[in-house]
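For reference, the chain that follows is the form predicted on its own, supplied as structure tokens.
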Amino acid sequence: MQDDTDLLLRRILTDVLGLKQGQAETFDADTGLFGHLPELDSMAVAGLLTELEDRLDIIIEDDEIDGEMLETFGGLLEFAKAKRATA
């Protein structure tokens, strides 16, 4: 069963990156994001991070952003869950 953070993250990715409806629903923990999705380029990262902060009610510090966090859906989901747990 998907949790609230998982569902929200899929919606955010769909909205920010302009993905096809249902595309994010097929993502699993190993689905590549940055470097794998052409929609997620360096320009889109800023918009994605802003939407994560707004919709998940979290604050992402500059030193928390790294390539590993954005490498896979699972990595981004774990990051988002951890941030929400400490918010």
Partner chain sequence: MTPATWPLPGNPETALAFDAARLRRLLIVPALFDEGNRLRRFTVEVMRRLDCAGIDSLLPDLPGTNESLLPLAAQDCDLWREAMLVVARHFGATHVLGLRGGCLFTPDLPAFHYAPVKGAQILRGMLRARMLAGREAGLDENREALTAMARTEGIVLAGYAFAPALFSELEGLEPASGPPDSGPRVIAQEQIGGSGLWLRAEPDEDPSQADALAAILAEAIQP
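Numbering follows the first chain given and starts at 1. Just so it is clear, the model here is predicted, and its values are computed rather than measured.
Beyond what is shown, the protein has a form predicted in complex with its partner chain; the following relates to that form.
Novice: So in the predicted complex, are Phe34, Met43 and Glu51 all sitting within 4.5 Å of its partner chain, heavy atoms only?
Specialist: All of them do, each having a heavy atom within 4.5 Å of the partner.
Novice: Does its partner chain get within 4.5 angstroms of any non-hydrogen atom of Asp15 in the predicted complex?
Specialist: Because a heavy atom of Asp15 falls inside 4.5 Å of its partner chain in the predicted complex, the answer is yes.
Novice: Can you tell me if Leu70 lies within 4.5 angstroms of its partner chain in the predicted complex, counting non-hydrogen atoms only?
Specialist: Looking in the predicted complex, residue contacts with its partner chain include Leu70, since a heavy atom lies within 4.5 Å.
Novice: Any of the heavy atoms of Asp62 lying within 4.5 Å of its partner chain in the predicted complex?
Specialist: It does: once its partner chain is placed as it appears in the predicted complex, Asp62 has a heavy atom within 4.5 Å of it.
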